[in-house]
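In structure tokens, the next block holds one chain alone, the form predicted on its own.
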Amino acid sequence: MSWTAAQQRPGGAATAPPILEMRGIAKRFGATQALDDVSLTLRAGEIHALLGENGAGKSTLIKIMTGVYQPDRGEILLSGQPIAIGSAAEAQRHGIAAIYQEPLLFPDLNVAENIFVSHQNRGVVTNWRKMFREAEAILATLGVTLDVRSPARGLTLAAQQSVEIAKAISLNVRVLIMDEPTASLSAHEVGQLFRLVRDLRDQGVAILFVSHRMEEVFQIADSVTVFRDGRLISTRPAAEVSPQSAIADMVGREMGLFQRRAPAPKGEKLLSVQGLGRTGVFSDVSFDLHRGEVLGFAGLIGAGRTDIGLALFGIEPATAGQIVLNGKTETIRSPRQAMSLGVAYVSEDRRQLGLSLPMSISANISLPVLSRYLTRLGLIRTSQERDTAEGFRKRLSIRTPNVELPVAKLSGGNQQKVMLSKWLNTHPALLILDEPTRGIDVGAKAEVHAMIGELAAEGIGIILISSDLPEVLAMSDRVLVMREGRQMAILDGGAATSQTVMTAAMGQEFAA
């Protein structure tokens, strides 16, 4: 079936009969009770938000719904009929599709093949022209322009997520599960996605929407369910829920969405960038950063924010302009050189660029400065590694039974803390944080924010790159706004508001 035909179905309403019901679901992994008597009902024509901290059981339930896990107890009903979902392929045959937080693409297949990979049949000749045309049509509905004939390898996170979304809507979905689908999208792209989601809802699709971004949840959701510690805490119409009450259900206590960082006196000038550029990517970027200051980078995806960070860390060196660090002009050509100058970069992609998931927490933390832990014979002083990791475990409240646990076993928020520990272990003067709270829960986010404040108070200069505008506004002393590789504004203190930042990001220039 073509993707266009798959979308032609009668509309549904929030009061329609359930499409998918999860009743009394329980799942245990060893000593951990991941789900305990959890129930969830998804109805045709309804967007149902699922909230909870990392470890609350959301991902486990999603994996049961998609056939990755089977429940220990409970039952699953599809349109009122009991079913068993034994595999992801079986879930798709039932019309259940999922978009996960981390894109899972085949890097050597082209974009169109990734979109339609679940449609391929052995022995059937592929109509490439038709597949390319329909792939382009799906992406066009998302407002995304990609070369559908090019390999998926090298796509940005935003582009990867767009391909995942396109892949899901190419299926004849009855239930669409969206697990952090906007984590790497700009505000403009989120708006486009939400228009599409509402269209799918109006066509009768039941949508489960999982997000840590409260403003998005209350913008899109018809109903809200909260999990905590593997248990169902509440299910209510969205109109009856506030962000504060949802957070209280999630964490068991009241917590503000964003605590604005208290301003602190700036130290001496640490970094001065003049006319920085990289051919074809960004140009003419100029700013200063003082010790103890947090400079936020805002702008739409593709604006060039991350590219500036990559240039300052030497991953993709600048081709124009001047970098003055600690009063000395530097030409940064490699991460090793950047690290020797006291620069650290926490990547937005912790799985691909930030951490070695099979390795232990302690090994990850020591990795950038491994020579510190070597004996004269080149052996690793494992006890010294563990002592360092233990210090960071306590300092950043990394939740783990021990520091020898593989990083892959940790929740997203704790993985993020390990990555931050890894770079703090280099004792940086300049810390570049690229999407430091992407895809982590509200509790872990608050802890990372508190750590940013502490690091600034210690005199570290921080560049905070984030697509979460409230986060940028809450944490930054000043905000630099980018658009399509150009610097649009640097806004001080009270001048940085949602309206002024977004106006600049959308093309209205401000005086720096």
Ligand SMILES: Nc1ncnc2c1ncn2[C@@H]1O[C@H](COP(=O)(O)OP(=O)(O)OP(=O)(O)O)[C@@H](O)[C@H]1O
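Rigid core (definition): largest C-alpha set, two forms, superposition within 1.5 Å. Small disclaimer: the values here were computed from a predicted structure and weren't measured. One-based numbering along the sequence shown.
Although it is not shown, the form predicted in complex with the ligand is what the next lines describe.
Shown alone, this chain has one stretch from 407-415, 425-433, 360-368, 321-329 that lies within 4.5 Å of the ligand in the predicted complex by heavy atoms: 407-415. Annotation: in the predicted complex, residues Pro17, Asp202 and Ala206 none come within 4.5 Å of the ligand through any heavy atom. Using a 4.5 Å cutoff between non-hydrogen atoms, Ala158 counts as a contact of the ligand in the predicted complex. Under a 4.5 angstroms non-hydrogen atom cutoff, the ligand in the predicted complex lacks Val241 among its neighbouring residues. Using a 4.5 angstroms threshold between heavy atoms, Thr41 stays clear of the ligand in the predicted complex. The ligand in the predicted complex comes within 4.5 Å of a heavy atom belonging to Glu348. None of Leu271, Ile315, Val251, Leu146 but one reaches within 4.5 angstroms of the ligand in the predicted complex through a heavy atom, and that residue is Leu146. When the ligand is considered in the predicted complex, only one residue from Thr306, Asn114, Thr225, Ser421 comes within 4.5 Å through any heavy atom, namely Thr306. If you take 457-492 and check each residue for a heavy atom within 4.5 Å of the ligand in the predicted complex, you get just Ser467. Core-superposed comparison between the shown form and the other one: CA of Lys63 displaced by less than 2 Å. Val281 shows a C-alpha shift of 2 Å or greater between the shown form and the other one [criterion: core-superposed Cα displacement of 2 Å].
In the core-superposed comparison between the shown form and the other one, Gly412 has its Cα shifted by at least 2 Å.
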